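Each of the two blocks below gives one form of the same protein chain as structure tokens; they are labelled structure 1 and structure 2.
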Structure 1
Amino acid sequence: SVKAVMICGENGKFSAGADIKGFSSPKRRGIALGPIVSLIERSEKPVVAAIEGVALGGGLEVALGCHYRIAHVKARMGLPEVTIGLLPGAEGTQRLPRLVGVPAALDMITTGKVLCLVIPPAWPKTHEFLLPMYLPDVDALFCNSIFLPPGQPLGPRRLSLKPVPKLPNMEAFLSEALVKVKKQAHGCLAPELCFQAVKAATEQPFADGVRREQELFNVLLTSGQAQALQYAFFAERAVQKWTTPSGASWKISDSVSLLSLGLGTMGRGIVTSLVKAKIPVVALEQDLEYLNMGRKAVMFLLEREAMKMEQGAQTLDFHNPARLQFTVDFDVLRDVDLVIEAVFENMALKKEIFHKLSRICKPGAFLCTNTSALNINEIASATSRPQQVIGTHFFSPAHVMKLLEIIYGHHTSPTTIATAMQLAKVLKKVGVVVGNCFGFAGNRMMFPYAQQAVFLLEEGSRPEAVDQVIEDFGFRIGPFRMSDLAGLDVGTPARQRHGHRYSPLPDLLCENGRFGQKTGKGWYQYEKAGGRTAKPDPWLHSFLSQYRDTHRIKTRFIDQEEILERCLFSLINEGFDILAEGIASGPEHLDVIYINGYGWPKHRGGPMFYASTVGLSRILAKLQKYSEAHPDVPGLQPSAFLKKLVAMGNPPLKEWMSYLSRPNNKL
């Protein structure tokens, strides 16, 4: 008597796919999802997938095995397996191309993009995928089952029986698509294997394609990259549940409307970020000249962002003064809930501004500083409300980079921290709460890394050699290309004197007018000032050899392993000190910071996860070797916490913090 079967989710969600936690456990439980999807498809009764909320991964694959799919207009669908180092393993790589064609299927599966329904006016009702049906009451739909004309044969509704739509130039299309997939993978395996699975659908019958899909899935499942990406998935969620040594925790939060202050490079990106998040903003500059320059830059960025937004998605309303206003008048700050200061990295200037803010802003207003390293407590001491002062360290370009490092001072209240975390969420950024020290967490780990890179030049290497090793590891950009991009005159590595080795190389280049891309030469040479194409520079090579002669530095050939280890292990070493001091509350926090703020390759999980895969004993042994060779470089002396973990038998990353009796919190 059954007329049709309806598969739907609960709580307004269809399904987010397989339980990712299940993949990391060696003994994966239960039978595979693929055969279940095929069983659904073989049903003699019509099966309809009623999609609300999300249909992701295995969830969408179940829907593809149904004969009909109907979706709520706000439903979101995708096959995001590639983002966790896998591929759709329930026959999705074979069914999706049969439904939407190879180009669309490849795009979805190799990028993991999640699609919203964009309902064009003249929606072709025959195109049943993403059929825009409201589901006010799934049961009513079920009773009516209005979609299923009686007696319609189910054969044509079974995607596995449908041929993959042909392309006139399939071979050429696929080879071009493969080049693009490889280019965007940056060393990550999954995108290319996703491509291979979809390619199999164009060449083999369904059953053979499914076998090929399973082979490729199993290769990825056991790859270290899948474990690293799944670790990063949960780490990004773990950092939302922040706590501080003083006992503040994530369970409280507040809403904000806000004003940003200062329109330097960072300020422009921050304003753009806020306007994109539909937060009313007033941008304030020191004088009209700077204000007009800043306004022009912000409007340019916003025009570009508006063009990038999907057609039909909400537009950016930034011509409306109620949404975005520019001024030089400090008095405008009276009514705002939150201020973000983004002026020059000068403590005296920041204290002067915070003193002024403290007098002008309403009592409940939060005062945030975008400083990248300066002492939050000292800035807060210039106000009468230190409990409402916090660091909100954006990363350049602020409207693109996902990381927002949130730094609490000694007096910062839990509500202030929670409000800053809420701001990160509203800006669709990843907020990470850390303690106050020079360089906080991210930059503090970056100092020894950048310092080692320059020392390697002194000892015989070249910028292009160091950058090559770091970029082959998976970083988008090596330390010297980064330094040229940021400008050598901006924040050179922390100079350590008092008997500790330091390198004047960056300053000497500046004295030679070599600031990087902005002057057309720095560690590399460029086609022109502002040029982007870095070319090795013979001038620099001879400058380095003269420099070595002057300082009587005996040069030697430095192999790739030493370059990688001295840069990354010194960064990781600093991370262990940061954990021991309670500046960060767990290794996941440092990994999320590096993945989202410094371009650490996500498929390697982050510096601390990477350390756990290399093995702490190996890292300790290498640091001991390098610090014996360079006794005047503190950054290479192994962290006491690292030594303790090795002495305790290399516990897994999840247990590291339990070995800290009580972090000697410096706050």
Structure 2
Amino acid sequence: SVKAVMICGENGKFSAGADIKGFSSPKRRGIALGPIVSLIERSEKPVVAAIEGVALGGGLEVALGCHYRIAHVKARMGLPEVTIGLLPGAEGTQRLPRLVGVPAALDMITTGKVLCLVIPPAWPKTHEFLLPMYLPDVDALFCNSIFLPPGQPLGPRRLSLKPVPKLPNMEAFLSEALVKVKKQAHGCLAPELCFQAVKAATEQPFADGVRREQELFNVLLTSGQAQALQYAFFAERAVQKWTTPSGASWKISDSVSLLSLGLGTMGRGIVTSLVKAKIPVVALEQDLEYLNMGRKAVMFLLEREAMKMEQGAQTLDFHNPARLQFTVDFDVLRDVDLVIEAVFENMALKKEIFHKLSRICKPGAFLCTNTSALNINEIASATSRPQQVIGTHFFSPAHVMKLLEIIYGHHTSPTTIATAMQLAKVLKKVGVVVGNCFGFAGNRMMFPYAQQAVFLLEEGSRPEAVDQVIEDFGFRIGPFRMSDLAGLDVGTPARQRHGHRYSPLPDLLCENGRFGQKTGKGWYQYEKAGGRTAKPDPWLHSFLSQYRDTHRIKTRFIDQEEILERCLFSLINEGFDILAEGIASGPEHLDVIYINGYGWPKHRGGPMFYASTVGLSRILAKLQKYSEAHPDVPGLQPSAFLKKLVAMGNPPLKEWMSYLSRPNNKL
């Protein structure tokens, strides 16, 4: 008597897919999902997937096994397995191309995109249904309307029996697509194997394609990359769940108003982020000329963001003065709940501004400083409310980069930290709480890395050789291309020798007017000032050669292994000191910072996770070797905490912090 079967989810969600923890557990119990999806598809009664909310991973694969799919207009669908180092393993790589065609399926499966139901024009609209109403009201109605005359087969509705839609130039398309996938993958294995699985759908019968999918899935499941990506997935969630004894929390509501002070590069990005998050914001500048320049730049950024959002059927309301206003009137400070200061990185200027903020802002207002290295305690000392002062280190460009490093000072209250963490969440950023020291966690680890890169040039290497090794490891951009992008006059403070090795090379380049991309010359040469294409520069090569002759430095060949180890192991070594000092609460905090703020390849799990896979004893031995060769470089002298962990027999990463003799978290 059953006419049709309906599969639906609960609590406004269809299904978010498999429990990720199950992939890494030694015993994966139960029946695999693929055969269950096939069983659904083989049913002689029509099966309908009623999709509301999310249908992700295995959830979408179940829907693909059904004969009909109906979806709420706000449903979101995707196969995001690639983001945790896997591929859709329940026959999704074989069914999706049969439903939406190879180009759309490849795009979804190799990127892990989660799509709203704005159906791209290229997708066939043959038998999918969009319903702009609440699904439970429709389900029974729809199921009752499916009437098949007795004996009419369900075959045409079964995706496994459908051919993959042909492209006139399938071979050429796949060749181009593979090049694109490899380029975007930056050494990550999963996107390429996702491609191979979809390609199998175009070349083999369904059953053979499913076997190929399983082979490739097993390769990924046992790869170190899947473990690293799953570690990164859980680490990102763990760092956002910090607590204090008082259980402090603070929520941002529509009535909360924020003020961003300073409309330089960082200020513009911060204002754009706040407007995108639908938080009412006042942008304040010191004088009218800077305000008008800043307004123009912010409006340009917002126009670009609005165009991107409209393609995803969202709107950005930024012409409304209740949402965004620009002013030079410091009196507006009296009404705001939270201020983010983003002026030039100068301690005297910041203290002067915080003194002014403390005087004008209402007593409950929180005062945040966007600084990349300056002492939060010293900034807070200029105010009468140090408990409400906190560092919010945005990364450039602030409206794009996901990381928000949150730095608490000696007096910062738990409620202030909770406020900054909640702000990160509303901005859809990853907030990581760290302690106060020069450079905090991220930049402090970056200093020895950048220093080693320059020392390698002194000893005989070239910028393009160092960058190539770092980019082959998986970074999007090497240290010298990054330096040219940021500007050589940024981040090179005057440093004296003090008995330690110091390289004046960045300073000498600045003295020659070589500031990087903005002047068309830096560590590389560019087609013009502001150019983007880096080319090796013969002038720089001869300059380095003369420099070595002047300082009687013997040029030697430096292999790729030494370049990688000296740059990365010195960075990791600093990370161990940061953990020992309690500046970060655990290794996963440093890993999340590096993945989201510094371009560390996610498939290598962050610097501290990478250290655990390389083996701490190997890192210690290499640091000792390089430290003996360069006794005047403190960054190469092994951390006492690293030595201790090696002496304790190389414990797993999750146990590291238990070997510190005192509480490591200053919260």
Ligand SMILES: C[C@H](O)[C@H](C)C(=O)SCCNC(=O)CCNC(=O)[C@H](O)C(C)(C)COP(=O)([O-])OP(=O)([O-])OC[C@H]1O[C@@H](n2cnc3c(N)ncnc32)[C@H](O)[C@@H]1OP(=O)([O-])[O-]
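Residue 1 is the first residue of structure 1, and the numbers go on in sequence order from there. Please read these numbers as outputs of a predicted model, since none were measured by experiment. Take the two forms, find the largest set of C-alpha atoms that superpose within 1.5 Å, and that set is the rigid core.
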Matching the form predicted together with this ligand against both blocks gives structure 1
Rigid core fit then residue 45 CA moved by 2 Å or more between structure 1 and structure 2
yes
For residue 643, is the CA shift between structure 1 and structure 2 at least 2 Å following rigid-core superposition?
no
Rigid core superposition, residue 655 Cα moves 2 angstroms or more between structure 1 and structure 2:
no
Once the two forms are overlaid on the core, the CA atom of residue 13 shifts between structure 1 and structure 2, in angstrom, by 2.6
